[in-house]
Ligand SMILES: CC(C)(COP(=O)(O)OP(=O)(O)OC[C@H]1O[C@@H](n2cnc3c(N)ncnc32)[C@H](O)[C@@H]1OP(=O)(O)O)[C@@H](O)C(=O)NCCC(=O)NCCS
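Before any questions on how it binds or moves, here is one chain, the form predicted alone, in structure tokens.
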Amino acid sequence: MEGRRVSESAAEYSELALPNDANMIGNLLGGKIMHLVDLAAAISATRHARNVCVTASVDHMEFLRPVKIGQWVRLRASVNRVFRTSMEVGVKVWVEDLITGVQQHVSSAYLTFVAIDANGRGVSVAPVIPETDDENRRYIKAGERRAYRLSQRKKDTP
């Protein structure tokens, strides 16, 4: 199976923070940000696999700063590494104040997606081809995170 470049899986998603998705003090709900992260990652995984992909897991997610009503939320996602039927997708979340132009990093997350067939069984995914130093670093780190996830899964199984 021929590989695909990381850039071929790159996806961007954006949305304006609106009051219906905010808490009582005017901050975007964390669950809404998590939803946007999942959407951006799903687009990236599907672009890479050219197949239906489902979320299998989300690694630790931390909210670095609040997103206020009226700010523009921008997400960038790409596949970091493929592991036969699964792949790790990295997502970075930014916020921009449209009045001041100030942009800030809000959150980052790593999600695992699995490509599936019509019966819900995993199907093989083309390998990802990292081309830049940053893509190579993310490729290596994705392997380390996967090894850690698998070791934790073994600890949790009786």
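Throughout, we count residues from 1 along the sequence that is shown. From a predicted model like this one, the values you see are computed outputs, not experimental measurements.
What comes next is about the form predicted in complex with the ligand, which is not displayed.
Annotated contacts: Arg84, Leu150 and Arg153 all touch the ligand in the model of the complex [non-hydrogen atom within 4.5 angstroms].
Partner contact region in the model of the complex: 56-64, out of 56-64, 43-51, 93-101, 26-34, criterion any non-hydrogen atom within 4.5 Å of the ligand. When the ligand is considered in the model of the complex, Ile116 lines it closely, a heavy atom lying within 4.5 Å. Taking the partner from elsewhere, Arg146 is found to have a heavy atom lying within 4.5 Å of the ligand in the model of the complex. By the criterion of a heavy atom within 4.5 Å, Thr112 is counted among the residues contacting the ligand in the model of the complex.
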